[in-house]
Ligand code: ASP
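Read the single chain below, which is given as structure tokens and is the form predicted on its own.
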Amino acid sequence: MNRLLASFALSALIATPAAAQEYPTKPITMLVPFAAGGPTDTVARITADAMTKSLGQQVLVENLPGAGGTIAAARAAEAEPDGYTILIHHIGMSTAPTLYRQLSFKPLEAFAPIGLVTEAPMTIVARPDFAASNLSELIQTIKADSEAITYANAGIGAASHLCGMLFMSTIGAQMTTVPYKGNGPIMTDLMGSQIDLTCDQATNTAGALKANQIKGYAVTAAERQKALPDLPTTAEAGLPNFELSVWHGLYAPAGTPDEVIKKLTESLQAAVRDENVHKRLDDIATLPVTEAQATPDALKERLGGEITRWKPIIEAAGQFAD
């Protein structure tokens, strides 16, 4: 009997490699699919700082921008599944399978989810001298002569691109789309009345809205936001069932040991509980998820649901990337 028990104990040790039990023993790289200084980069650095404390090893941020976030995602998918390369990505992980016809990975198969990280509502905004005084008037103006209204986005797969597609699909009118290479130039041209309209993360627009440099129509959330208390929700403004947030998730390569995923998830949960994290995210008009959402199951469910949600919208718009 003692030999049998010893055999079971040995099998358990073999099933959980020593490397996974001791993890982490060296720094961890968190890949960020967008440039330094942007919203995803800021969320990544706040999260990495907090996870460094609980893991006892530094979580290093590496920016790998390009192709709507798919370059970093592909790198992460191909990385050694040992927990030392992880990926933070936003809603673009769910739209990439439809937007990119030659995508080298399948999000639901190539990654082991760790958990959701944050939610950032979008804002529908216009140049400061745009005539429409509220969202209902804005929609009427667009429908009256949609081709005359210019809508700016930051490129295929960007949050502003996705929000624009959803907005135009919802109101049944197609504006003239003007692609930019980033959010910065959009805000500059919007404040200078060189472009009419955009829909972007509150993270990017809150400062200009507070300074009255642009005109705000609605926030795409169920509730008004603390950072922008005077901006009505889309439902309040007359556009019900139009909610959209830029959510971030944390991923490891598929095949990463369960024990490693468990430690990373526990570290992420500690981060979303951290009051300093809450304060830093509040400063950029972003919300941390609940501890219950910072789990593999919650992220897997969200990712699968969002892939299903966006597929028909993107296909109907016919806006694909090579």
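Remember, predicted model here, so these are calculated numbers, not experimental data. Residue indices: 1-based, along the sequence shown.
A second form of this protein, the form predicted together with aspartic acid (ASP), is not displayed here; the remarks below concern that form.
Query raised in the report: Does every residue of 34, 160 and 182 put a non-hydrogen atom within 4.5 angstroms of aspartic acid (ASP) in the predicted complex?
Result: Yes, the whole candidate spot contacts aspartic acid (ASP).
Query raised in the report: Is the gap between residue 40 and aspartic acid (ASP) in the predicted complex 4.5 Å or less for some heavy atom pair?
Result: Residue 40 belongs to the contact set for aspartic acid (ASP).
Query raised in the report: Is residue 187 close enough to touch aspartic acid (ASP) in the predicted complex, meaning at least one heavy atom pair within 4.5 Å?
Result: Looking in the predicted complex, residue contacts with aspartic acid (ASP) do not include residue 187, since no heavy atom lies within 4.5 Å.
**Report entry** Contact label in the predicted complex: residue 205 to aspartic acid (ASP), heavy atom within 4.5 Å
**Finding:** Residue-level check for residue 205: no, no contact with aspartic acid (ASP).
Report task. Evaluate residue 118 for contact with aspartic acid (ASP) in the predicted complex, applying a 4.5 angstroms cut-off between non-hydrogen atoms, and reply yes or no. Result -> No, residue 118 stays farther than 4.5 Å from aspartic acid (ASP) in the predicted complex.
Query - aspartic acid (ASP): the contacting residue among 175, 195, 154, 227 in the predicted complex [heavy atom, 4.5 Å] - result: When aspartic acid (ASP) is considered in the predicted complex, the option within 4.5 Å is 154.
Report task. Quick one: name the residues from 79-99 with any non-hydrogen atom within 4.5 angstroms of aspartic acid (ASP) in the predicted complex. Result -> Going through 79-99 in order - heavy atoms within 4.5 Å of aspartic acid (ASP) in the predicted complex - there is one hit, 90.
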